[in-house]
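As structure tokens, one chain now follows by itself in the form predicted on its own.
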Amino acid sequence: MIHITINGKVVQAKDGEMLLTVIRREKIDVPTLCHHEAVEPSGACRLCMVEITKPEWDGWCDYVTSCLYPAADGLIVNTHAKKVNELRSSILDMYLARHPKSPEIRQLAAEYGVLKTQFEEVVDGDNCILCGICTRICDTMGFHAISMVGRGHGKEVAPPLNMAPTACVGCLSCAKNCPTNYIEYNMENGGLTIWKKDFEMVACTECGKTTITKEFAEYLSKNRDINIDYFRKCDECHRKELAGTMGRISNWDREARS
């Protein structure tokens, strides 16, 4: 274990552990848009930037993205230094210009005093901030159904050739983890539509509630060694069944002892 100082407090960390992990463990609020614990960090949003220095640096300091910078013994970290807050405000100012209709961006920008962008707004700008969480999660799960395509202002997240991706199983991991709720999907009449692809949903045999797509259930059964019959009931009905089983076991145990 090593020791670093965060906002004047000496804390323990593992050598090489990313600063953001240590900061959040200390319950310090540092904004992020592109970070997700399930995937490797990318540093795309730049909002988790912090100020670092060391006693031997003679007053010199640097500004780094905490999700990608490893902890080192003796490091001194300031998560909300004046310069750090100014950098975050500038970044959010640019986000607000490109995504003026995003409630998430507007709220975060307001927290740093940016109520109106000083740049020219992209009036028809969408809410995709190109953080890459969706594509990284999709790749980590092994589907590779969507990716970043294009360059510059035209860069976007899309399936191959902007057509319904054959590799997509409708797991919704991309949409559920998008920090700005950009990825749209539609669930109705026992089906799901996402990325222009239609899926059949599995319905619980007990209550009729739809759970996951048929394709996702088959994928999990084949690749995660889960019996396909498991998906015939929703989580709530599984819990009720387990509770009933445990109740019968408990009653049987009491009766056996009496």
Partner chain sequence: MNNRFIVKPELCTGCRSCELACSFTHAIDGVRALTRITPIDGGFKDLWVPVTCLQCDDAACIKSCLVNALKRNPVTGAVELNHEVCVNCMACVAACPFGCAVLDTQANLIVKCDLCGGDPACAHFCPTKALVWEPIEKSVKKTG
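Note that the structure is predicted; figures quoted are calculated from it, not measured. Numbering follows the first chain given and starts at 1.
This protein has a second form, the form predicted in complex with the partner chain, left out of what is shown; the following refers to that one.
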The one residue among Leu220, Ala203, Val64, Val30 placing a heavy atom within 4.5 Å of the partner chain in the model of the complex is Leu220
Which of these residues, Lys176, Lys155, His80, Lys101, gets a heavy atom within 4.5 Å of the partner chain in the model of the complex?
-> Lys176
Partner proximity in the model of the complex: Arg239 to the partner chain, non-hydrogen atom cutoff 4.5 Å = yes
Quick one: is Thr211 in contact with the partner chain in the model of the complex, heavy atoms, 4.5 Å cut-off?
-> yes
Could you tell me if Gly16 has a non-hydrogen atom within 4.5 Å of the partner chain in the model of the complex?
-> no
Though only this chain appears here, would Tyr69 touch the partner chain in the model of the complex if you measure heavy atom gaps against 4.5 Å?
-> no
For the chain seen here without its partner, which of 40-48, 226-234, 191-199, 53-61 has a heavy atom within 4.5 Å of the partner chain in the model of the complex?
-> 226-234
For 184-200: residues with a non-hydrogen atom within 4.5 angstroms of the partner chain in the model of the complex?
-> none
